[in-house]
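One chain follows as structure tokens, the form predicted alone.
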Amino acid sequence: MSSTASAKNGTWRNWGGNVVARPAREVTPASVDELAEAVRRAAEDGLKVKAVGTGHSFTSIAATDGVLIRPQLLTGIRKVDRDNMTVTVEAGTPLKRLNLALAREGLSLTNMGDIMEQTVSGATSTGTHGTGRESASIAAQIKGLELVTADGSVLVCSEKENPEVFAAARIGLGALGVVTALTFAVEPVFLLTAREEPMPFDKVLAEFDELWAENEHFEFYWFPHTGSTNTKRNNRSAGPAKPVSRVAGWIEDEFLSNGVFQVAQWVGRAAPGTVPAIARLSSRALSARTYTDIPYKVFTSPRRVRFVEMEYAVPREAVTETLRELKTMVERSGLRISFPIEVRTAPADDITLSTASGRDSAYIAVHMVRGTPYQGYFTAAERIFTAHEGRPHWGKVHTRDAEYFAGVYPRFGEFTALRDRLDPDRLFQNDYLRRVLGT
């Protein structure tokens, strides 16, 4: 099954299958000039404009009934600058292609998320992140960017050039223009040792501060209806490389994590009463393992089971209390949750609408398999997250609006003022942006 969104008979659907759009026309520009012309023409025709990558957002952030821009021809590396240790890449380049190209050059991003099917512009525009004690989201590694604004002009920005745009456009939500290129900070490729092992839920919460402080990258998955988690600690290593063997990797990452897990989801969906037993079996299926490899082979993993997701960033100091409240909610609700809950962290950054803007954050992600009713679960979880001033991931299901965001983002007005300046006629508007940013 393809990892990307689909388009048939003029209908666009996202990867999760929960968002559908019918654009008036689709454009696949082969150059920045062609993209700029498409933007100008849309304005002349009175049509809104949205760009879409692989459709991995679960919100309607990229949906439009106007002009849908597909950047798949805007791919590849423009420049590798070894003096400044940066790489400039076209906006439609998939993260997987970027990671492979960087590895061939002996380079790497410092941190990344856990999938790499997204385009670089889609991932950064929505705030995609991994986990890290000191290393932040993909967008926080941007050193410069280029975007086509509402009048069809090309704007280049960095910390020195148009810095007020740079501060916001790294996670621009598609509201400020169409990103055409990104310049990332890179470093010489390095090795990470991953240590994965089961750990009781209560022990993880009791030792969370120590686990976070002692590891460069710490995350864990909690299996609802159980007291079990699977933890992962990634730390830099002097080597030698000891990758997961092909056979072991297939068993763990494909057969168990995707194949068997998919069957378990089907069973749980057909017979919800079996979910707690399946959760207990799932929590015991993955054994401890340790391996050492280059970053993208450690940070990322295949995700072939399709799902719908909500994720909130809460202040890091509130994460254990939030998780205890979430566990209590699940136990008392009668809900049957077949997907593990993912917990990661990020340091504070200086991006205007980053979920980690100005505060050390912890991310809690809840999922349901595609096609399963998720509203009751997500609504109950969101009530807990917002009680801790949580900030939802811009590309994942939530119900918050501009009034809420103005309260949890101190620089929210800075972003909307910039939007007023760059897109006064709301060429890049859609229903989602109207809700989260206001009119």
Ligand SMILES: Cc1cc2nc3c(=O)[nH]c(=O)nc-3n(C[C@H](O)[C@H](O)[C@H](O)COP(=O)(O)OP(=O)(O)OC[C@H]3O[C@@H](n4cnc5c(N)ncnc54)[C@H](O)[C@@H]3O)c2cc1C
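Numbering starts at 1 and follows the sequence shown. What you are looking at is a predicted structure, and each value in this text was computed from that prediction instead of being measured.
There is another form of this protein, the form predicted together with this ligand, and it is not shown here; the text below is about that form.
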**OP:** For the three residues Thr320, Ser361 and Ile364, verify that every one has a non-hydrogen atom within 4.5 Å of this ligand in the model of the complex; reply yes or no.
**Re:** no
Subject >> Proximity to this ligand in the model of the complex, single hit among Val179, Leu98, Ile171, Ala313 (heavy atom within 4.5 Å) >> reply: Val179
Original post:
Just one of Tyr296, Phe184, Phe166, Phe307 has a heavy atom within 4.5 Å of this ligand in the model of the complex. Which one?
Top reply: Phe307
**OP:** Check whether Arg344 has any heavy atom within 4.5 Å of a heavy atom of this ligand in the model of the complex, and answer yes or no.
**Re:** yes
**OP:** Give a yes/no on whether Ser121 approaches this ligand to within 4.5 Å in the model of the complex, heavy atoms considered.
**Re:** yes
Original post:
Val39: heavy atom within 4.5 Å of this ligand in the model of the complex?
Top reply: no
Original post:
Does Phe58 reach this ligand in the model of the complex, with heavy atoms at most 4.5 Å apart?
Top reply: yes
Subject >> Residue stretch of 372-380, 23-31, 410-418, 387-395 approaching this ligand in the model of the complex, non-hydrogen atom distance within 4.5 Å >> reply: 387-395
Original post:
Which residues, if any, of 111-129 lie within 4.5 Å of this ligand in the model of the complex when only heavy atoms count?
Top reply: Gly113, Asp114, Ile115, Gln118, Thr119, Ser121, Gly122, Ala123, Ser125, Thr126, Gly127, Thr128, His129
